[in-house]
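Starting off, we have a lone chain in the form predicted on its own, written out as structure tokens.
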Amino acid sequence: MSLVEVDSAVKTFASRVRGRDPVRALRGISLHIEEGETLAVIGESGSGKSTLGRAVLRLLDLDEGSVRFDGTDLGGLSPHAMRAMRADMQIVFQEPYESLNPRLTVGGIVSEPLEIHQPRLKTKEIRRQVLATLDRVGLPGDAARRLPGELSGGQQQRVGIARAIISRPRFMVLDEPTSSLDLSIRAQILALLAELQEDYKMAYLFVSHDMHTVESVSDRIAVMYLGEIVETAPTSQLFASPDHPYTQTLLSARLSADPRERHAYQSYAGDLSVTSPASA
């Protein structure tokens, strides 16, 4: 049994434009994530990646299909039971500042999961864990007294990571966690996430549109196109021998670090009827 199992997930949103058809964000998605594994989900904007990440955590309810976490069907849980489950399932958002309450101090933000999931903890113990977690993500202790607006973008994302890991989750959704950061800061955050995964044995669902990033962080990659997964493969296999034409298009659009290297861009204007079977 996998840690996370998604079976035939369907999610449709009403169009914001009157008279337009509903938007089918997820069209029967099925995937699994093992303990300690990083599964990257990649695709262009609008492909349904972030919707999938939120649906896996039941931040969005599915129209059809199911999500199971460690054998438990999340769709069948009461709000109270789902709230308890969230200690094991966390998310780091794309825009760090927008995901942090600007009126709370960093200490208040990071302590919230403990106050929710371990309400019997004494104030002194909560403070101890907050300071230890801030230190673990590379922030000084005095950051606990500061507001998010006083921090840099990279520091804000470290706060978001600290908030996510303080409850010691088994699984995290990383929704493009470095896309808004400078390249040097991006590398530091990716290294931190890799260290935390090794330390805490967490599984990641890593949502991204950056092929270079997912190549370095993932064990397997699922490629999304128009709400469907068109190809899934181990990372090395997918980069060496992409099967689906859309995957080939994504790889052909990569920019090399070597300015002398050239790739022939391959466009893709197909439809989902040509999808290839997903491999494990």
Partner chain sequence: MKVMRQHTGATVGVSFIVLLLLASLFAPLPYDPKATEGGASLQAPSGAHWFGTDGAGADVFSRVIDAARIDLSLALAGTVLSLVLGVVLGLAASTKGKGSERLVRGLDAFQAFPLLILALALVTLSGNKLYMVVVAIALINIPRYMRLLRSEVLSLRESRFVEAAMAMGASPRRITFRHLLPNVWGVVLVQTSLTIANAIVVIAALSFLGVGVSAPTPSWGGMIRAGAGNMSSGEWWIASFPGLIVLLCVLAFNQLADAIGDTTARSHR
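Residue numbers count along the first chain shown, from 1. Remember, it's a predicted structure, so these values are computed and weren't measured experimentally.
Not pictured, yet referred to below: the form predicted together with its partner chain.
Contact check for residue 90: a heavy atom falls within 4.5 Å of its partner chain in the predicted bound form. Although the partner is absent from this view, residue 116 contacts its partner chain in the predicted bound form, with a non-hydrogen atom inside 4.5 angstroms. Using a 4.5 angstroms limit between non-hydrogen atoms, residue 103 touches its partner chain in the predicted bound form.
Contact check for residue 83: a heavy atom falls within 4.5 Å of its partner chain in the predicted bound form. The single contact residue among 54, 68, 32, 27, judged by any heavy atom lying within 4.5 Å of its partner chain in the predicted bound form, is 54. Every residue of the trio 59, 95 and 99 has some heavy atom no more than 4.5 Å from its partner chain in the predicted bound form. Taking its partner chain as it sits in the predicted bound form, the stretch 161 to 189 comes within 4.5 angstroms of it through a non-hydrogen atom at just one residue, 163.
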